[in-house]
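The form predicted on its own is given below as one chain in structure tokens.
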């Protein structure tokens, strides 16, 4: 059985802080932008996330570049 992995899609996932809860725990939210170019350089995606949140009142905490591959059986 030969499995082939094919790039399928990519998304930019940004986790940001909206405030502080009781006890000092950060309140976070997540924003996902789909249809990101799969082969985009990591640095460009990271820079885009910080540029987007540079226009926001919230602090960006984490940046994820989520890539999805389709696996197919080629036998």
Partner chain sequence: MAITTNRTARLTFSTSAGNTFSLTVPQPRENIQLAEAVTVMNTLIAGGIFLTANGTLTGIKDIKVIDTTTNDLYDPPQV
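Positions refer to the first chain, counted from 1. Note that the structure is a prediction, hence the values are computed from the model and not measured.
A second form of this protein, the form predicted together with the partner chain, is not displayed here; the remarks below concern that form.
Mapping the unseen interface onto this chain, residue 20 falls outside it, with no heavy atom inside 4.5 Å of the partner chain in the model of the complex. In the model of the complex, no heavy atom of residue 27 sits within 4.5 Å of the partner chain. In the model of the complex, the partner chain sits within 4.5 Å of a heavy atom belonging to residue 51. Although the partner is absent here, residue 9 sits far enough away that none of its heavy atoms falls within 4.5 Å of the partner chain in the model of the complex. In sequence order, 40, 44, 45, 48, 51, 52, 53, 54, 55, 56, 57, 58 are the residues of 40 to 63 having a heavy atom within 4.5 Å of the partner chain in the model of the complex; the partner itself is omitted from this view.
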